[in-house]
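Only one chain comes next, encoded as structure tokens, the form predicted alone.
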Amino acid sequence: MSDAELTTPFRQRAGSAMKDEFLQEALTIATTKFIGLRREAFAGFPEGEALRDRARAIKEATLQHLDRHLETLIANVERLGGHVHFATTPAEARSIVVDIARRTGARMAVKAKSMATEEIHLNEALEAAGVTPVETDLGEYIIQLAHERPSHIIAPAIHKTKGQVAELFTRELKRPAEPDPEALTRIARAELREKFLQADLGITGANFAVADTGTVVLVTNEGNGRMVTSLPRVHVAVMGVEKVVPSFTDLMVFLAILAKSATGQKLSVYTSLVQGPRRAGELEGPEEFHLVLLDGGRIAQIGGPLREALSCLRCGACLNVCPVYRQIGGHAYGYTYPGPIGILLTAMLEGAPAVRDLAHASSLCGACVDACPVRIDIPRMLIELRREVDDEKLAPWTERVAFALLTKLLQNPRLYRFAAKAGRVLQRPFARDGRISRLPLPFGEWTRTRDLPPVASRTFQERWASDKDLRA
């Protein structure tokens, strides 16, 4: 999202999304389907819960010795003939990839789906360097044509209906397109096929990297990942440092739960294992292989409050069940990563000021924890973020004063009892049919989009003191 769009308040962005009928239709259909598929996948997989616990334990153990596992990965990638680069910031990562493109004379780069390259805004950097980036994942291809950002971690074009995609193809590709998924896929395949053959540079992300063998693992449902890694002369993989796993035994645990959590599949259609450049006697593969290890704020969080977020597999399950995401979609969040986990990742990558409003864009219902394949406690970290926003005085002064007064009220039993009695009197002009739907003056912000329950006629303590049957 552009800087201009980020200047629009989050509440306004969310409000616009909720009024978008096409977006609401697309979100409802897609997220409801994902939720059902995930439920069915785990219902028929009794080992699933135990594997979720195992996956969490592997992630935690790996983070405790991340430096050692990264050193092993680097040594094995280089042993296989690959080149490893370390990028502390997104700017460094962009520079590394652009330098590789320039040195190898690349004029076109085909890309498989990669949230890491979205995170570092790689496409814009390539274009500025005279290299044409072409997204080859169908969803990414759609949003590239539409000049938009992904709105979901695994389904970038989830916000578009098939009718909107047909209109987009007709307009941008100058050929008639019917709103039929198979027909649209055929059009995209025909457009992209020649790009694979023309490109000098292939760029991917990495779902995992196995330290013991120097293997980069790509999990996809379209054959484009395999084409991107085998046809161009040069392959560059951009990977967050937290994606390393120690061994293939550990990898099997994650593969068993990743697709089930993301799309409800037993296993993704393609699981590609890439080990360095093409070797003597091999018929396919790149002449050069480069692995870019991206920090971007991750390493600092190993000992920080957002440590758990480093275990994220990018499956998108928490987005599908989140009542906020299901209403506003991904673009309203304003940054690369949307949804509950996206708020945490944005705070990690951009700092707490970036999530001043987003930290409150959650009901804290816990549905995300239930859906997460590695049981990341997202609500707990969101509460910590809210505390940090308050401690650093990033929230508006009115909000800080209101919560400070509420804190005093809840800490003082006598003051609390007095407030309850006063509230019963003051609410009389506003309480109707068991709810308060309108409050005056600045308090009106609380009831602008929600109703409040009225103060009870008697508190539990008052009932306890006077009701013998309750005490019996």
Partner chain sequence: MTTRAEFLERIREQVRMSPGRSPASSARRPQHPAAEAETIRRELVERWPETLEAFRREFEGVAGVFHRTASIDVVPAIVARIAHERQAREVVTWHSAALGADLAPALGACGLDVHPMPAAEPSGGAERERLRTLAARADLGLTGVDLAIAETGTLVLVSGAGRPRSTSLLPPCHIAVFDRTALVESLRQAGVFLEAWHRDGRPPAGGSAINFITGPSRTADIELTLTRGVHGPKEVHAIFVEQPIRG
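Note that the structure is predicted; figures quoted are calculated from it, not measured. Residue numbers count along the first chain shown, from 1.
Below, we turn to the form predicted together with the partner chain, even though it does not appear here.
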query	finding
4.5 Å heavy atom contact, residue 57 and the partner chain in the predicted complex	yes
Distance check, residue 346 to the partner chain in the predicted complex, heavy atom within 4.5 Å	no
Touches the partner chain in the predicted complex: residue 78 (any heavy atom, 4.5 Å)	yes
Interface membership of residue 229, the partner chain in the predicted complex, 4.5 Å heavy atom rule	yes
Partner-facing stretch of 335-343, 116-124, 274-282, 100-108, counted where any non-hydrogen atom is within 4.5 angstroms of the partner chain in the predicted complex	274-282
155, 161 and 266 each touching the partner chain in the predicted complex (heavy atom, 4.5 Å)	yes
Contact residue in the predicted complex, from 70, 419, 439, 431 (heavy atom within 4.5 Å of the partner chain)	70
Contacts with the partner chain in the predicted complex, stretch 405-426 (heavy atom within 4.5 Å)	none
